[in-house]
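Taking the form predicted alone, here's one chain by itself in structure tokens.
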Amino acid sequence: MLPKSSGEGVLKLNLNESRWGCSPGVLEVLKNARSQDVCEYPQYDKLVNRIASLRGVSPDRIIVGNGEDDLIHCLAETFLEPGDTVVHASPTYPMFPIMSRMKQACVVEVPYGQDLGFPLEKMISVVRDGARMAVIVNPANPTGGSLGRESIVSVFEACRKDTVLVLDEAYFHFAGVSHLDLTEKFPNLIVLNTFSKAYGLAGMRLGYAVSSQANICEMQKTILPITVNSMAVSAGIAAIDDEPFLSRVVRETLTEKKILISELSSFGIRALDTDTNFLLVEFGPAADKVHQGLKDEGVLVRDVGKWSQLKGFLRITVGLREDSERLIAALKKIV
């Protein structure tokens, strides 16, 4: 369940939405929508072909969904049966364990170390014992770090031949690297992507998965037949077509992230750099007070202290320069 995040004048730095908005081309497409776009069922071919061209794969290896959550649900429905084992590092994106447990699967959570380093050796050991599904979120949420290619391969190579491998690359634009090509090496690998982050289309609910043709065929049997609406299809195409806007968003996000880390450090607050569009900021025992104090100032951030490794941390989305200035001003009042 998403935290409450509404109200006039509220600055939302809690959900990792893009503070740069979406491409002007997206707004133009939506503004010029025709009556047929609303009254007719959507067609996905043009969007799928655009994604295929963008990512260098054939269209029959792609499936689109109503956001990544829809695709995670589809994965569980397609590949899991009650009693199956699903393995992932912890903490992770919550929809993976939620959807797995809905299918009555046995979820094995391999804990990160207190240094927030990925538990590579333990993960390899656990998947060797047998798993129906192994999940890696890379870059990770909420920890923000990335796993190198060799490490990803070592986990997948330790899995059984019938293990479904899932690589969630929701934040890959900010890391500057994707391992989508590993779908050629591992036929059971399914790579998830979203338009919610760098493209700024969180409200449109659009995601896609890339895998072998066989896996996509199986997922097509499970996913709802018309799950992505016409406006999201048009928005996705327009977003892909405006590559300069995407590049600017990524570039300015990374620049602002460095500035924000420096500003926080200047008055004694440690911010952990990430390969994403958010920071992990350590407040220690004062985290609850800071979280509430920021809320009182109209600035929403995410409390991630429910995970023991992140006790005392807040997750803060990197925003525009004026967003950072407002955040810093609020923190100076509280801290």
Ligand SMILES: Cc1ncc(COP(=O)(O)O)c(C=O)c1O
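Residue numbers here begin at 1 and follow the sequence given. Worth saying up front: this structure is predicted, and the values here are computed from it rather than measured.
Beyond what is shown, the protein has a form predicted together with this ligand; the following relates to that form.
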**Asked** Though this ligand is not shown, can you say which of Ala76, Leu260, Val137, Val127 has a heavy atom within 4.5 Å of it in the predicted complex?
**Response** Val137
**in the predicted complex, the residue from Asn215, Thr194, Ser100, Thr143 that sits within 4.5 Å of this ligand by heavy atoms** = Thr194
**Request:** Give a yes/no on whether Leu264 approaches this ligand to within 4.5 Å in the predicted complex, heavy atoms considered.
**Result:** no
**Request:** Would you please decide whether Arg132 lies within 4.5 angstroms of this ligand in the predicted complex, comparing each non-hydrogen atom pair?
**Result:** no
**Prompt:** Is Ala170 one of the residues lying within 4.5 Å of this ligand in the predicted complex, judged by heavy atom distances?
**Reply:** yes
**Prompt:** With the partner left out of view, is Glu282 within 4.5 angstroms of this ligand in the predicted complex by any non-hydrogen atom?
**Reply:** no
**Item:** Segment assignment from 79-87, 173-181, 106-114, 194-202: heavy atom within 4.5 Å of this ligand in the predicted complex
**Value:** 194-202
**Asked** What residues of 79-113, in sequence order, lie within 4.5 Å of this ligand in the predicted complex by heavy atom?
**Response** Tyr93
